[in-house]
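Given next, in structure tokens, is a single chain: the form predicted on its own.
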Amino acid sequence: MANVKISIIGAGSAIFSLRLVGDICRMEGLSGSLVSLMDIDKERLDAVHALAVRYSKAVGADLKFEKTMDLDASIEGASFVVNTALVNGHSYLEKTREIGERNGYYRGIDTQEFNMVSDYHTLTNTGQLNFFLDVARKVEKLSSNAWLLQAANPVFEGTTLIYRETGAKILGFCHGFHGVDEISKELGLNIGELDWQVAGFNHNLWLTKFSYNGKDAYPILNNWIDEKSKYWKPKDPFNDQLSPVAIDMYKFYGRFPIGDTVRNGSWKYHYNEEVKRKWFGQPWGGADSKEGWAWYQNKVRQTTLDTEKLAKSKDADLLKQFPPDIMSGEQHIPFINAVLENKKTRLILNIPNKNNAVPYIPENVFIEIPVVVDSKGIHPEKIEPSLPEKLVFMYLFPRWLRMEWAINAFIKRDLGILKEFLIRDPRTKSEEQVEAVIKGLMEELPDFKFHYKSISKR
């Protein structure tokens, strides 16, 4: 038995936390472990703790659970710390977007070219980034050998920032790579017979190797594009893996975009709502349109109601929603099991580019690639074929620079950098517009004002 402590920070998100708890229950090697659930919302924490205990008992798992609102207590003695917390919640993200749109920035200033995901805030999310560093430094102090598994966004900025500023053993986790599953299903291919690789940054991920039964499968994908793509229609705002925008990006860059990469194209796909509907499909125009995001916000509200329903549900209904014999698809617990049980496991993780898997990108920048994990560590796969230079220079380089600008402004607490970032934004019409949006952020967002103190001069 493992008999280790696994800390889940921000555990008040019931659906995500129960996915992790369910995966722990399914891993025999983790029997005897202590799962520490930490959140600052006592009501939600109590609900998740009760559900976790119920689920564990219902499936006969040998696990112990604790709940705490004390971050230090949860981290101390842990072997693995999973950070899922969203500081200030979704309402903060919507407030920053409203300030931006009020000053002429469609979808808010955090929505930038090659970073269009509506809850992936990098410029205004000072509370979130400070919390990332706070958690990492506490891990260093209280559990120096623990792995810090970063699940909360922004993963690209967050993992790179933590890696450079602390000594924590940091890794980034995302499930966007499952877009490969969607492609294989649509093409009628057995995912078990695929040989595939993806490479890039978080939310900037590309299908490199794509083979089926030992043969290049890109011709199969090309055939589907030629003959069937015209019949594609989105099932919901997030259903964009095989959308016109994904196909257009593939035709230009030479590799197929995977997961949220499809949402992170250039302004060509995002000028306005009409353009979004053209590329992402009717009626929503993708997840990052006003209508698509309203759909998502309703889903978030529904999740709260679902938590209340789960708390009142019978065990049979709980097991139906989280089947005990099916892994959730999240990678956090398979990673933990691979390390503890020395079971070689292939995962898609965010790690530093030490092996130059993504060409031309520095070693201290986090990339997302396939790796094999065991008790000896993390073993990156060699990416073959490599990413095309056009893709690296025209897509990854601009996204990388935007990451550098964002964390540079944050680390130096320099609003001048943030202003220059906005000056280069095509939505900016004047310096007065930039000053106005910064003034709004300083006046209306306490975390932002606290971090930057006062409007700095260039």
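Remember, it's a predicted structure, so these values are computed and weren't measured experimentally. Start at 1 with the first residue shown and count on from there.
The form predicted together with a further copy of the same chain is left out here; the points below concern that form.
Undergrad: Are all three residues 268, 423 and 426 in contact with a further copy of the same chain in the predicted bound form, where contact means a non-hydrogen atom within 4.5 Å?
TA: Result yes, every residue of the spot touches a further copy of the same chain.
Undergrad: May I ask you to choose, among 417, 407, 53, 34, the residue with a heavy atom within 4.5 Å of a further copy of the same chain in the predicted bound form?
TA: Selected residue: 417.
Undergrad: Just give me the single entry in 253, 296, 224, 177 that has a non-hydrogen atom within 4.5 angstroms of a further copy of the same chain in the predicted bound form.
TA: When a further copy of the same chain is considered in the predicted bound form, the option within 4.5 Å is 253.
Undergrad: Might residue 324 be said to contact a further copy of the same chain in the predicted bound form, defining contact as any heavy atom within 4.5 Å?
TA: Judged by the heavy-atom cut-off of 4.5 Å, residue 324 is well away from a further copy of the same chain in the predicted bound form.
Undergrad: Look up in the predicted bound form whether residue 113 has a non-hydrogen atom within 4.5 angstroms of a further copy of the same chain, and give yes or no.
TA: Residue 113 belongs to the contact set for a further copy of the same chain.
Undergrad: Could you tell me if residue 64 has a non-hydrogen atom within 4.5 Å of a further copy of the same chain in the predicted bound form?
TA: Residue 64: no contact with a further copy of the same chain in the predicted bound form.
Undergrad: Does residue 431 reach a further copy of the same chain in the predicted bound form, with heavy atoms at most 4.5 Å apart?
TA: Within the cut-off, so yes.
Undergrad: Could you tell me which of 276-284, 149-157, 337-345, 194-202 sits within 4.5 Å of a further copy of the same chain in the predicted bound form, going by non-hydrogen atoms?
TA: Correct option: 276-284.
Undergrad: What residues of 363-395, in sequence order, lie within 4.5 Å of a further copy of the same chain in the predicted bound form by heavy atom?
TA: If the 4.5 Å heavy-atom criterion is applied to a further copy of the same chain in the predicted bound form, 363-395 yields 390, 393, 394.
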